[in-house]
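So this first bit is one chain, no partners, the form predicted on its own, shown in structure tokens.
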């Protein structure tokens, strides 16, 4: 197919798949649905074996929902060119980084192999790590050296160098997150207009949310200096740019930072008194931006990535409700959990 035909085909496919996204009315009633209604409405009967312990049932549902998301990712990549496919797969590789962090924590804390394995995501060949080989690594440094031979080589090399110098788990995980987002930003730069404009808006929605949360945590919870805090941040291409971050990290108080934010972040966070209050406001901001890209962008690849981000948030909502029901939580606690849902990041 020609490029124009490919874009038309992909746009049509995204529009068809977007019909699967949860309607606002479903999101509102989700927290009130009993487990039996969830099983029936989402076809999860085979995954909720009454004979299995709750932990095994939660794990089965979690794996199934992530498999569904990643299978849709691979469907969307079929008509894409090399750059588009690389961007989409890089987005999906964040789940490989979840696994990498699980393996690293297992090595650092000398956890049982079975315990580590129970917390790994089963991923398709396109994005998974060589988990079985990495299990055999003697320590964290050897594990990262082995990764330097694969597609995660840039992240692994930076993480190894930081860990060799600092021997600090926080710095190791912060490096993995930072390099992941830097890689996504670089992927976007190779696109022509109008794809680049809309992809920058999409990725910036994530960077604005994550950058503000990281900055507040690093400055006021962990007590890092302005220069240390800035070092770990990845500037956005829209609101929290390099210049704005340099200004914000120099401010001495939580309230001062919120007052100095650019719009619309300042209005959204105006009456917040804690990071916990800010988190759902930023999640809503990010999701609104992603929905705008899906609805208005002429770029098929930007719409495809926006769809996956929204689909991910929906499946996380569904999993949160199922998990809450299996644990016996009431509607109020489940509603609170739903308010925190945001597109996933490796650091979560």
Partner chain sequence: MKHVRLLVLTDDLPRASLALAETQCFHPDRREPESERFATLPGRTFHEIHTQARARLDKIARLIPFEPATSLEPARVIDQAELARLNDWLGRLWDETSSYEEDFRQLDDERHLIHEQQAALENFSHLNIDLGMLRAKTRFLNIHVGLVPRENLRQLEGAVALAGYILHVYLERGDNTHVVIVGPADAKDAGLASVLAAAGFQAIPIPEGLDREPTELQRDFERRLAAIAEERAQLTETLQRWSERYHEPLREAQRTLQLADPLVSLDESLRSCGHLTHLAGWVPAHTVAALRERLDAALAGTYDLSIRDPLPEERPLVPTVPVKSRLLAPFALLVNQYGIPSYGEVDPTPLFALTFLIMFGSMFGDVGQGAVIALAAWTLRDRFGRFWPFGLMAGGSSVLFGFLYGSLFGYEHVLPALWMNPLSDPLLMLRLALIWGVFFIVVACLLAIYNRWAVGQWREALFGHHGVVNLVFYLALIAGGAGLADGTGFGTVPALLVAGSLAALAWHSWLHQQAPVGEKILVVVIETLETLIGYVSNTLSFLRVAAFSLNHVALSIAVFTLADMMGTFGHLVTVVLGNVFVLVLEGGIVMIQVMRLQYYEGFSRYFSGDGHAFRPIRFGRGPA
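Residue numbers count along the first chain shown, from 1. Just so we're clear, the structure is a prediction, and the values are computed from it rather than from any experiment.
What comes next is about the form predicted together with its partner chain, which does not appear here.
K.L.:
Check residue 80 for me: does it contact its partner chain in the model of the complex (non-hydrogen atoms, 4.5 angstroms)?
P.N.:
The answer is no: residue 80 has no heavy atom within 4.5 Å of its partner chain.
K.L.:
Examine residue 189 and determine whether its closest non-hydrogen atom to its partner chain in the model of the complex is within 4.5 angstroms.
P.N.:
Contact check for residue 189: no, nothing within 4.5 Å of its partner chain in the model of the complex.
K.L.:
Check residue 238 for me: does it contact its partner chain in the model of the complex (non-hydrogen atoms, 4.5 angstroms)?
P.N.:
No, residue 238 stays farther than 4.5 Å from its partner chain in the model of the complex.
K.L.:
Indicate whether residue 152 is a 4.5 Å heavy atom neighbour of its partner chain in the model of the complex.
P.N.:
No, residue 152 is distant from the partner.
K.L.:
Would you kindly say which of 142, 168, 255, 122 lies with a heavy atom within 4.5 Å of its partner chain in the model of the complex?
P.N.:
Answer to the contact question: 142.
K.L.:
Ok, 137, 74, 269, 185: which has a heavy atom sitting within 4.5 Å of its partner chain in the model of the complex?
P.N.:
Contact with its partner chain in the model of the complex is made by 137 alone.
K.L.:
Identify whether its partner chain in the model of the complex is within 4.5 Å of every residue in the set 204, 293 and 336, based on non-hydrogen atoms.
P.N.:
Looking in the model of the complex, the three residues 204, 293 and 336 all stay beyond 4.5 Å of its partner chain (heavy atoms).
K.L.:
Within 4.5 Å, heavy atoms only, one stretch in 80-88, 225-233, 93-101, 273-281 touches its partner chain in the model of the complex. Which?
P.N.:
Checking each option against the 4.5 Å cut-off leaves 225-233.
K.L.:
Who in 87-117 is close to its partner chain in the model of the complex, meaning a heavy atom within 4.5 Å?
P.N.:
The stretch 87-117, when checked against its partner chain in the model of the complex, contributes 113, 114 at the 4.5 Å heavy-atom cut-off.
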